[in-house]
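What follows is one chain in structure tokens, specifically the form predicted alone.
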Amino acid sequence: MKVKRFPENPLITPNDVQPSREDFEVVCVFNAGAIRYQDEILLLLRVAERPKTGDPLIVPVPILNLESSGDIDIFELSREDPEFDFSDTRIVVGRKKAYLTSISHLRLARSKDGRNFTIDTEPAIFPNCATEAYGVEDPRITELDGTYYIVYKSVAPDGITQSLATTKDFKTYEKHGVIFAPENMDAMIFPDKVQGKYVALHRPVPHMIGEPNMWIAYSPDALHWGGHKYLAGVMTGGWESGRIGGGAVPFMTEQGWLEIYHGATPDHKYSLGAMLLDADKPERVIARSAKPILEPEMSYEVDGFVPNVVFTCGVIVDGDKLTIYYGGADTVIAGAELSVAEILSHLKS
């Protein structure tokens, strides 16, 4: 598989993004939804930021203040407190509750050429309700009849859900709340209806029976989802033996819907593959990758906040050219070009 990584990579780093407040620092910018809008390519970035601290024994935890309008409170936890586990830099685990050490919002980046981006100084979508108390993450953008549907991960003490917002101009946004209950990840809406219904991919996370596999669902209005069907699951051994989940919004080819998805090993190495779905019955998988189409190899993919990760939430299709925008090591934004025809030719029934 021929992969042309952009020589400009990484395209966007934490140093390129202004924090939302002076006492915060941006630690990661990654997992961006992508869309072509008017004469620009827009990336809706996940921006993870954390409170600054000068005390190595204190871990500040940012949490949305539910009594105010989008304010974030900072709680200070002591590393010497035996009730908390600080071994993972991303999360603090207590006996009754877990806390994130950063909080994410969504921020727009704009480009004429798809490689050089200007980042807005203000957030586009910011956490402001109970289901978003720990942040909003990993957006996917779908255009349908002039409306842009943004499905994103909403994180709170009660669990991880998938929520929906819409916009027509990327200036004002309307939030519609949770569309997939916890724990659910990697949801996105198809860019066309199938047999008169909206279609979505999502990834429920079972904790008793089953594995983290991909499912499909249907809706009359993009808000109320049913007709849930198992779509595809993890494979024994290899690059997708730990979990799989949707990546970018699927797009139509001459052979059917092409979905660029992610797979991970049990030791959390994330790579990208492709899956071909039937045009009229997208719950039917026609073929999928036997090997990754993109896997962590470069330094910005191997080393970072979470090592050995390539993870996409958005692609841009221009004829046979597929541009994948992806998060490298959960730290930066990078880009790569692949051939749609070559991807299709490498899929296995």
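A residue's number is simply how far along the shown sequence it sits, counting from 1. These numbers were taken from a predicted model, which means no experiment stands behind them.
Keep in mind that the form predicted together with another copy of the chain is not shown, yet the notes after this line are about it.
Of the candidate stretches 107-115, 275-283, 140-148, 175-183, only 175-183 contains residues with a heavy atom within 4.5 Å of another copy of the chain in the predicted bound form. Contact check at 4.5 Å (heavy atoms) against another copy of the chain in the predicted bound form: none of A165, K269 and D330 pass. Among G238, P123, P157, P191, the residue placing a heavy atom within 4.5 Å of another copy of the chain in the predicted bound form is P157. Here is the short version: of F75, F86, F251, Y230, the single residue with a heavy atom within 4.5 Å of another copy of the chain in the predicted bound form is Y230. Although the partner is absent here, P204 is a contact residue: one of its heavy atoms lies within 4.5 angstroms of another copy of the chain in the predicted bound form. Shown alone here, D81 lies farther than 4.5 Å from another copy of the chain in the predicted bound form, counting heavy atoms only.
Mapping the unseen interface onto this chain, I119 falls outside it, with no heavy atom inside 4.5 Å of another copy of the chain in the predicted bound form. Mapping the unseen interface onto this chain, L100 counts among the residues with a heavy atom inside 4.5 Å of another copy of the chain in the predicted bound form. Within 4.5 angstroms of another copy of the chain in the predicted bound form, the stretch 202-234 places a non-hydrogen atom from each of H202, P204, V205, P206, H207, M208, I209, G210, E211, W215, Y218, S219, P220, D221, L223, H224, W225, G226, G227, H228, Y230, taken in sequence order.
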